[in-house]
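Below sits a lone chain in structure tokens, taken as the form predicted alone.
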């Protein structure tokens, strides 16, 4: 069942931001599988008068390959609608003159082709999956510890996500290891960074109170959106855990069974 009071904002709503993994699909072998009802829910949103954007911390594929994967699953999505950490990180690196040592998944490397990587003066980590070996983590540690002012960028801060065969450690766990070893605080590019959420709002031309975030991650999706002034709704799919509904610091504005139910409730408020 869903909480019935949260869509009170439905009539004044102008835009919806959707998380992707755990909301649209569950990742896994062969590109993953669409969550029942999610393909149709996206179609309904696109047929409405609401603006729609997709906000993901996906860092195993570049955006083009990621969108192609979702299209194969049946989703109507274009690259311009998707906001992910890597392009945002590239902009930050160029603006601030950083040359990164990259600890990222091979599929993400093309995103950084335009960035100078000689003589690194920072480290960028993403969800490197099986590339998070001791050797690779230690190499990143040595780069950081050898810098006078070590700078670590993390493409998202998630603790874990859901694969087809169960939960999997996310980049945040490895970010914390490097923070501890180097006695520093990483700069998170991606959810829950306020700057990341604000870039999505800017693209839609909306104020925070005019937009709603729907995600499966209570802290990074819902809490991150709420910290920006948006409402945040959690779905009981993906990485959702029953304990989320008793979290000590983050309380979702609403909790629904899945994206299909959330969209139906939003659109019902608008008629």
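Positions refer to the first chain, counted from 1. This structure is a prediction, so every number in the text was calculated from the model and none was measured.
This protein has a second form, the form predicted in complex with another copy of the chain, left out of what is shown; the following refers to that one.
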Can you work out which of 80, 114, 198, 138 has a heavy atom no more than 4.5 Å from another copy of the chain in the model of the complex? 138
Contact flag, residue 176 vs another copy of the chain in the model of the complex, heavy atom cut 4.5 Å: yes
Would residue 95 count as a contact of another copy of the chain in the model of the complex, using a 4.5 angstroms cut-off between non-hydrogen atoms? no
Mark residue 153 yes when one of its heavy atoms lies within 4.5 Å of a heavy atom of another copy of the chain in the model of the complex, and no otherwise. no
Please run the contact check for residue 247 against another copy of the chain in the model of the complex: heavy atoms, 4.5 angstroms, yes or no? yes
Tell me which of 68 to 76, 81 to 89, 181 to 189, 115 to 123 has residues with heavy atoms within 4.5 angstroms of another copy of the chain in the model of the complex? 181 to 189
Residue by residue through 223 to 241, tell me which have a non-hydrogen atom within 4.5 angstroms of another copy of the chain in the model of the complex. 241
